[in-house]
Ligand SMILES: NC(=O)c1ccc[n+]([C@@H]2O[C@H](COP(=O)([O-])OP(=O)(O)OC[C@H]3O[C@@H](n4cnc5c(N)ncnc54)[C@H](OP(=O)(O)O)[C@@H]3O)[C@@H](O)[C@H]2O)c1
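Only one chain is shown below, in structure tokens, and it's the form predicted on its own.
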């Protein structure tokens, strides 16, 4: 399979690459990679797809949101999180419908704050919930047998800088997250969120 992994140089992206590298052609895209893309810019997404051409699967292991107390969040903060994490991944799907082969798949990335909120995580919870709802709704309308799923990890063992924000949370490994991405790409489910932790 030819698999496009957006955010391939990030932590979750490296887990997806490792889990799917054997027997597949992996195309790595990121803001600073050989295949360059900025999901906040629809023209950048279009240029990426034009460069890469037809693929069998797309993984979005990306998305940035601000972490602030609800009393400190501005409307601009909400827009920043929605524009980057939500609309960036949605646009990757919207444009990708023309590039993913029949029966292929999209896998988006959400996170545990959709189901287990944390202090300062309001925008993250909003973004993750919106993406999971998008996956559910988009799955019933996908053309040509295309599938769409999400991977929703808890805080990673390999991301110690975030551990203090997730007290009492089960920490999950990058390898476990990689397996979830592989299940989404290689499986038959659509409209599903693979929860890791």
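Residue numbers count along the first chain shown, from 1. Please read these numbers as outputs of a predicted model, since none were measured by experiment.
Only in words, not in the display: the form predicted in complex with the named molecule, which the text now covers.
- Checked against the named molecule in the predicted complex, the residues 57, 150, 156, 146 give one hit for a heavy atom within 4.5 Å, which is 156.
- The contact residue chosen from 104, 121, 96, 111 relative to the named molecule in the predicted complex is 111, the criterion being a non-hydrogen atom within 4.5 angstroms.
- For a residue to qualify, one of its non-hydrogen atoms must sit within 4.5 Å of the named molecule in the predicted complex; none of 66, 71 and 80 qualifies.
- In the predicted complex, at least one heavy atom of residue 39 sits within 4.5 Å of the named molecule.
- Residue contact with the named molecule in the predicted complex: residue 31 places a heavy atom within 4.5 Å of it.
- The named molecule is not drawn, but in the predicted complex it has no heavy atom within 4.5 Å of residue 21.
- Looking at residue 12, you'd find a heavy atom of it within 4.5 angstroms of the named molecule in the predicted complex.
- For the stretch 123-138, the set of residues having any non-hydrogen atom within 4.5 angstroms of the named molecule in the predicted complex is empty.
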